[in-house]
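Only one chain is shown below, in structure tokens, and it's the form predicted alone.
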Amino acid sequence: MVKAALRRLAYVVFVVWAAVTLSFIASNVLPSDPARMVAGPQARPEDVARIKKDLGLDRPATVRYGLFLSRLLHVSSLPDTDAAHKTCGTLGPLHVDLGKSYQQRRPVLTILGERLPRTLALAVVAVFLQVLFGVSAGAFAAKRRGSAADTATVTASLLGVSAPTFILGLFLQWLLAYRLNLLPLDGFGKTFADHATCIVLPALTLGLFGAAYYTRVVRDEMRAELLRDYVRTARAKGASELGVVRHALANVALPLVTLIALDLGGLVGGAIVTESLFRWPGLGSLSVTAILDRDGPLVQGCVIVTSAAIVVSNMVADGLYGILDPRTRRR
């Protein structure tokens, strides 16, 4: 178990390192000057040169890359109030430093700490709706295979999978916010009640989009399960249809775990289109802004969170495999 844990940890470190390295290379290959974007289009050349020096952009890319990696995770006895460690997050002597945003002039960790809980809340609610709608519709269609209800459910799921999320989001804005005036059009609000109402539309957009695919998966898996011998035996012994469906759903749980883990990891990384459409201040919209501003430290911070969320979600799925199906455990 120790060897397996170390192997997985090494895999996480490698994937995050590769993602950060690629983002660093991309930010340096693009023909743009972050110092010019910070200074503004009308800034004098000497002001741009001064800003470039302040940001450390006058150094070679290899030197900046080495400094970034050396400060990313380091050990220090100095507190984070020290001048050289003000951008660090500390866990005892262990320091994590993602640098300071070029545009916002604040530590990247602070900005990510503000945005991550909002994206995490959106991801959890969206995945809950995906599972709720997708599993219910899939089980309903499988139980009535070949009927008009089955055909209607399959058609609706195909439309849901085919339609881009922004089309669905715009329709929900028009219907629920503009026509019926039930929910805010977009934004985040100031109070908890505002947050709870503002999250409904973006979460519903992501939930319905994901539920369409969940419906297809659950329907196909359930149809196969309902034809197995144990189902016929259970019915012959007088088991209720609700009990039969419940047992069949338990056997469909394994592929669902994969979908849920991947969706949750991807959404924690940021639903870029949906967050931008609804002006939800999460990691997705932050990533777009950072890329457009050529804000290298902020882009790399978003990449680290995104890649780590996806890798960790895959590890959780692998762990759940062993619980749900002992045959998948490695000996």
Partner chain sequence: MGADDESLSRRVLREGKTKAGLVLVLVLVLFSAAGPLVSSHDPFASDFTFGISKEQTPLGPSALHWLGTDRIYRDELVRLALGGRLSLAIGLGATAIATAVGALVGMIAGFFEGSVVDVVLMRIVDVILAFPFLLLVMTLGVVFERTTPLTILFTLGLTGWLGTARIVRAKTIGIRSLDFVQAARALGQSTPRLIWLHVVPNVSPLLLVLGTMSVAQMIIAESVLSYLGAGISPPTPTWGHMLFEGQDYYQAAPWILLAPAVTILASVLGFNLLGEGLRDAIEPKR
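Owing to the predicted nature of the structure, the values given are computational and were not obtained by experimental measurement. Numbering follows the first chain given and starts at 1.
Heads up, the form predicted together with the partner chain isn't pictured, but that's what we're talking about next.
Taking heavy atoms and a 4.5 Å cut-off, does I167 contact the partner chain in the model of the complex? Judged by the heavy-atom cut-off of 4.5 Å, I167 is in contact with the partner chain in the model of the complex.
May I ask you to check whether A26 falls inside a 4.5 Å heavy atom distance of the partner chain in the model of the complex? Although the partner chain is absent here, A26 would touch it in the model of the complex, with heavy atoms inside 4.5 Å.
V124 within 4.5 Å of the partner chain in the model of the complex, heavy atoms: No - in the model of the complex, heavy atoms of V124 and the partner chain never come within 4.5 Å of each other.
Since only the chain is shown here, I'm wondering whether R294 would be in contact with the partner chain in the model of the complex (any heavy atom pair within 4.5 Å). R294: contacts the partner chain in the model of the complex.
Using a 4.5 Å cut on heavy atoms, which of V316, I323, L9, A18 is close to the partner chain in the model of the complex? Of the candidates V316, I323, L9, A18, A18 is the one lying within 4.5 Å of the partner chain in the model of the complex.
Listed residue that, although the partner chain is not shown, lies within 4.5 Å of it in the model of the complex (heavy atoms), from N181, S77, T191, S162: Filtering the options by heavy-atom distance leaves S162.
Which among 213-221, 108-116, 132-140, 249-257 is in contact with the partner chain in the model of the complex, heavy atoms within 4.5 angstroms? That would be 213-221.
Mind listing which residues of 272-299 have a heavy atom within 4.5 Å of the partner chain in the model of the complex? Residues within 4.5 Å: I272, V273, S276, L277, S287, V288, I291, L292, R294.
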